[in-house]
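Taking the form predicted on its own, here's one chain by itself in structure tokens.
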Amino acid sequence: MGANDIPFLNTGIWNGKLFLGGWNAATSAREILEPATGAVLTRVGIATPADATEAAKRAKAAQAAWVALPYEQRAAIFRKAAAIIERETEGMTQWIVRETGCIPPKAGVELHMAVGILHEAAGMITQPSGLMLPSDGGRISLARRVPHGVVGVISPFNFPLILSIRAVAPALAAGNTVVLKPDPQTPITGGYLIARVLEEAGLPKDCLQVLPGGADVGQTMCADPNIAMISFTGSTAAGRSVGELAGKHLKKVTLELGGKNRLIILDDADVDLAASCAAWGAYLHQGQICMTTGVILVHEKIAARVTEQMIGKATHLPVGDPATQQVALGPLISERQRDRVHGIVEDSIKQGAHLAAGGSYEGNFYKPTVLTNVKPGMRCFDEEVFGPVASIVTFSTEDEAVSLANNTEYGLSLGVISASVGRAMALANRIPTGLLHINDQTVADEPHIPFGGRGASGNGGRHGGPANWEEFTQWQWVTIKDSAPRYPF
């Protein structure tokens, strides 16, 4: 059987292997389980710290040749990769649904975003990469953006395709090579699909390495001298460790971390639309999104009506296996995550929150949950739940709403719903946040926007659009004279 006869997503390509200098057998492997059923989906190699060291060496050796390729050749690789995703959408959708436990429309969003990100990467290559600076005496003075060298990307399980490719593609487009460590729970969606796409699109060997692995692999990447930058997406706790270790080794580091995002519903809001926004923001992908609406702040005049609608939605939204059923919510990624979500709900109830809907589970399927009477100090108010839990808090004045919204260490996404855009903007301007949505909920992203948070949600770095040049390159000052001057020494 020739290479062209092998189906694009044939599991035999990656069975027990790493994408390290191509598809090569790993010293150890693990089975990847479907969170909805517990069935074995596939088997992949699991990287070791030694693999990460080897990957970094290979990526470093390949970087000079990659950046030296004519720009049209490099851009064509990203355009072809986008076309491959469009061609393979059906098969990729099945993998995303089964590996991540998401509903098919969410998989469609990932694939659509991935295509857009690849086209943005292709466009980066022909964008201006520097500035002409003022200079006296016939000297040319300019500042240009140059690649770091090798970028290490560490990505999570929840939106694994987007949260990997949004760093991999622009890092490559900027002239870097990449070592990618996807979450070992979702290595196909978060890593091997990207490797297959770019491999077929013609990305030269060793420009991308994909190493599913544990924290020890990530730690090696943060310390390895051949890796110049780390792009990390994940929990705030893990991000603090990554930032500390990468900083110790003087690496550029971009951290996109957790969120406890606020949706503020003012008293002049349309109740039906506000409840729809709140439910979407709280329950999309079972709440396993960094931008999930974690706290719903509702003016006391309309709180009862909004809560009633939220209870109705939570009670009637179908939960089940998204690969075989028409459902709104699929499973949480693992039993461990399910138990953590349930622990937060139970503890919050003990602290005085009222369980108005949900709060139970079967297997990894957690029912959409509504908690009312929520106050600061309760776990459901303070902590990122990463589950389908809507925590409703009432307020009486705008000052109180601002105080409650600012009562968090996070600063990723904020939504404000009001009949008055001016009123909503004036309130929102008092709440530090990386993303702001007036008359919408908190979950949104597009390929060309600078995405990121502040505070415990990130270190101010961004992914997307103009931010890609800021993150994946560094300034170099260049002066040019027609001949060398004679100095008085």
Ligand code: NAD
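Computed from a predicted structure; not experimentally measured. One rule holds for the numbers: they count along the sequence shown, beginning at 1.
Although not depicted, the form predicted together with the named molecule is the subject of the following passage.
The closest non-hydrogen atom of I265 lies beyond 4.5 Å of the named molecule in the model of the complex. Although the partner is absent here, Q219 sits close enough that one of its heavy atoms falls within 4.5 Å of the named molecule in the model of the complex. The closest heavy atom approach of L198 to the named molecule in the model of the complex falls outside 4.5 Å. Using a 4.5 angstroms limit between non-hydrogen atoms, V242 touches the named molecule in the model of the complex. With the partner omitted here, the residue from G152, G415, G191, G259 that has a non-hydrogen atom within 4.5 angstroms of the named molecule in the model of the complex is G259. Contact with the named molecule in the model of the complex, judged by any heavy atom within 4.5 Å, is made by just one of P388, G213, G281, P331: G213.
Contact with the named molecule, judged by heavy atoms within 4.5 Å in the model of the complex, is confined among 374-382, 251-259, 349-357, 170-178 to 251-259. Shown here without the named molecule, the chain has I154, S155, P156, F157, N158, L163, R166 in 133-172 lying with a heavy atom within 4.5 Å of that partner in the model of the complex.
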